[in-house]
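Here we start with a single chain on its own, the form predicted on its own, put down as structure tokens.
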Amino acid sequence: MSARDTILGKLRAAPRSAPVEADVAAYYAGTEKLVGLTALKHWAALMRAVRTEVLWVRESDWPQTLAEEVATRGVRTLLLAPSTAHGARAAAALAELAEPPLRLGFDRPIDGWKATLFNTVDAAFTRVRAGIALTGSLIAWPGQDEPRTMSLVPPIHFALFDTRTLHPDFFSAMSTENWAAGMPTNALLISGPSKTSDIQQTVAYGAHGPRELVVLAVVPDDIDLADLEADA
């Protein structure tokens, strides 16, 4: 018997046991949860620490805030999903600007307008699914109306975030929303604009995605916006 056969024989003869699965739910059940105003402040502080711009808005006025930000940044071409309710509201508000941007939808095969997308679209507006307080993250859930390309290619990403969907941690988000029932091909956690330090260890923004991330964080009416910035 060769040495190889001896080794393989010992391995095959070794007792086998099923791997022990970690009780993730029990672990997170014993961890402290950030909730309410504390959770929102913590989430915003972490996002701002990595150069994300967080704007507190109300459900009634976020389209006007978006329009103001688009005008301030000189956006000439903006990508959005006009077939969605939030996309239609955004388009209507942008149309009221003195110099409204050209509004494009992701409504045709990309091969026919790839050059336009990569060379002339200044920004994109999408809604995100939820947020995570513990890590200061947004959960993007691309779909047919708002594919991943929208939040990846244009230099500026305007993200609409309903803060009522802020979860304490990643496990809470996955379990509360029952992600196991159906995942998209590409779910994302976003905390800030794209950056890299690959070259000479110099931080550069926008190398692999948007260089600016602007979050329109929709706050319920029962929360005072001034309280969100107090002691921030």
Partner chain sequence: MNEATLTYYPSRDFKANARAALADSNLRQSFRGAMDFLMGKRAAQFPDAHELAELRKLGESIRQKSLARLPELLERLEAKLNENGVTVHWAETTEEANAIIHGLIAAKGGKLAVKGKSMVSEETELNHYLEARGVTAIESDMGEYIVQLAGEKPSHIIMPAIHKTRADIAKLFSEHIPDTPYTEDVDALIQIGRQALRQMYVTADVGVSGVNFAIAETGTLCLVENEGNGRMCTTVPDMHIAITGIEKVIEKLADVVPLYSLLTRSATGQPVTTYFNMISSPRREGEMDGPREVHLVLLDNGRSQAYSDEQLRKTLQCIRCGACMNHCPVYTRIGGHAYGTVYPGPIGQIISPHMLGLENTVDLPTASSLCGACGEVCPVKIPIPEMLMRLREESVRDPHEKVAHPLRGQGAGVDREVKLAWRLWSGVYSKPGAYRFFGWAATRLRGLTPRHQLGWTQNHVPMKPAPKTLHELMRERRKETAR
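What you are looking at is a predicted structure, and each value in this text was computed from that prediction instead of being measured. Only the largest set of C-alpha atoms that superpose within 1.5 Å between the two forms is called the rigid core. Residue numbers count along the first chain shown, from 1.
The same protein also has a form predicted in complex with the partner chain, omitted here; what follows describes it.
Residue heavy atoms within 4.5 Å of the partner chain in the predicted bound form occur in exactly one stretch of 159-167, 181-189, 56-64, 33-41, and that stretch is 181-189. Although the partner is absent here, residue 77 is not a contact residue: none of its heavy atoms lies within 4.5 angstroms of the partner chain in the predicted bound form. Interface residue remark: residue 147 is counted as part of the site for the partner chain in the predicted bound form, having a heavy atom within 4.5 Å. The closest heavy atom approach of residue 135 to the partner chain in the predicted bound form falls within 4.5 Å. Taking non-hydrogen atoms only, residue 110 approaches the partner chain to within 4.5 angstroms in the predicted bound form. In the predicted bound form, the partner chain lies within 4.5 angstroms of at least one heavy atom of each of the following residues of 145-161: 147, 148, 149, 151, 152, 153, 155, in sequence order. After superposition on the rigid core, the Cα of residue 8 moves by 2 Å or more between this form and the one not shown.
Once both forms are fitted on their core, the CA shift for residue 222 between this form and the one not shown remains under 2 Å.
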